[in-house]
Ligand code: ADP
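Presented as structure tokens, the chain that follows is alone, the form predicted on its own.
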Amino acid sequence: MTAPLTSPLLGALDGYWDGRFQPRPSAPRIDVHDPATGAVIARVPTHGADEARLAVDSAARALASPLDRAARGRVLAAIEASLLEHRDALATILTTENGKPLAEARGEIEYAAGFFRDAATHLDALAPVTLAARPRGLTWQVHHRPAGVAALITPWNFPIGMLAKKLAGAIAAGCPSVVKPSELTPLSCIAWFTLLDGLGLPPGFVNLVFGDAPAIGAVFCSHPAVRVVSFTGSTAVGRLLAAQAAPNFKRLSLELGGNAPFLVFDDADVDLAVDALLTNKFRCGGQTCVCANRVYVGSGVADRFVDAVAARVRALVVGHGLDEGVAVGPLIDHKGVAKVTDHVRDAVARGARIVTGGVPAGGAFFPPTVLTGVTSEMRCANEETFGPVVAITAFDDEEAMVEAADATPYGLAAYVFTRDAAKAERVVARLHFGHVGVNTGSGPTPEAPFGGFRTSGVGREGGLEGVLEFIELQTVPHG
């Protein structure tokens, strides 16, 4: 079934380098689907190593004429304004290829704009610094130089938001970029590049390729002009990129997999915790690295918590993200459905109980599901389910709850609910996660650094720290 997606922002379904869209009429095509219907909504060319090298070379030429900080500020402001102006058009494209509800997609565009707004506030911090001391009788200056070409590899779950986190930092630092989005959701990125093309940026300052991920990634990791590789995705791919980039000593910024615990102590505000869980867990249908994957609840409030969560989950409307009132859209594809189905079946086979949901709904849809009696041996406790499943474990021993929450090789996000401020402080200090919400299910914000501990990655996005990922410091003594 084919139902082409039309939009003024999708006039050219091509890659972009040297300041213009680059047709590849003879290249094999990638089918882009609407996950809610299965329809093919677009076909885009498959790029490989040749196109990746052309895009990197284009960026390298742009690096030879770097933008000063004032010019970068103007670019950041223009991109922010453009995103907000075209929010609804971008959100419609995003929802159609990703499946998330339209209100979420609009929120993602606004979230993305925030990274450009915040990055602009850090430009003054990149001014040359003259040391107050005069070691060896010399004047010492420290300059913040663009590290080089930045390769930005983004996932399908937040096609605009995840790119904004990277691109805003790269632009603020003065680094030309080559963007490689997921082949599952290239249209949002193409639409955004249509807007970027109209902003009068220097040719080569932003570039776009998509298609053969291994071939493109290999070019990013081997090309001498690329000095920063920023990737959001699985830990397995992160390891591969790290190995490929190591011989060339490239800087890596990796936001990788998660296994987020959500701790509700007996003294927690249960209603607050339920509200936070529902907002946190079902964003993008549970397909986020920061959503609660393991929910640990004190036995004193467990029954009340489960009943309240189940009642709210049953009321969630599932459907096409463009339809009014839909709260949960489809999963990205049938592979996603298969994984969620396997996790639920495995949990039930090992003794978990389905409170609500649990049965595939057809196509790429899976109903919001609540499981209780989850144990550490189950797949849903050890792997990211990446779907709309709330996996709940009741605990009597608070010490055991904290130990279980931290017993994972991942360390991206965690959440703690308690009315006891001292307890919250103690628990947070014992959780080896880069982001720990206390009495909130909030994920990252543009103004603060975000990234993982352990196998959830290295580097940070957002805040000044996200800009510094793309900066090299140059020390210059003057006689």
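Just count from 1 along the sequence shown to find any residue number. Computed from a predicted structure; not experimentally measured.
From this point on, the text means the form predicted together with the named molecule, which you will not see here.
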Next on the checklist: I need the one stretch from 340-348, 155-163, 392-400, 304-312 whose residues put non-hydrogen atoms within 4.5 angstroms of the named molecule in the predicted bound form.
Outcome noted: 155-163
Next on the checklist: Given that the named molecule is not shown alongside this chain, does T356 nevertheless sit within 4.5 Å of it in the predicted bound form, heavy atom to heavy atom?
Outcome noted: no
Next on the checklist: Can you tell me whether K180 touches the named molecule? I mean in the predicted bound form, with a 4.5 angstroms heavy atom cut-off.
Outcome noted: yes
Checklist entry - Do G233 and the named molecule share at least one heavy atom pair within 4.5 Å in the predicted bound form? => result yes
Checklist entry - Does the named molecule get within 4.5 angstroms of any non-hydrogen atom of P214 in the predicted bound form? => result yes
Next on the checklist: Considering non-hydrogen atoms and a 4.5 Å limit, which listed residue (L76, M378, L83, L241) is close to the named molecule in the predicted bound form?
Outcome noted: L241
Item to check | Of V237, I109, A268, L254, the one that lies within 4.5 Å of the named molecule in the predicted bound form (heavy atoms) | outcome: V237
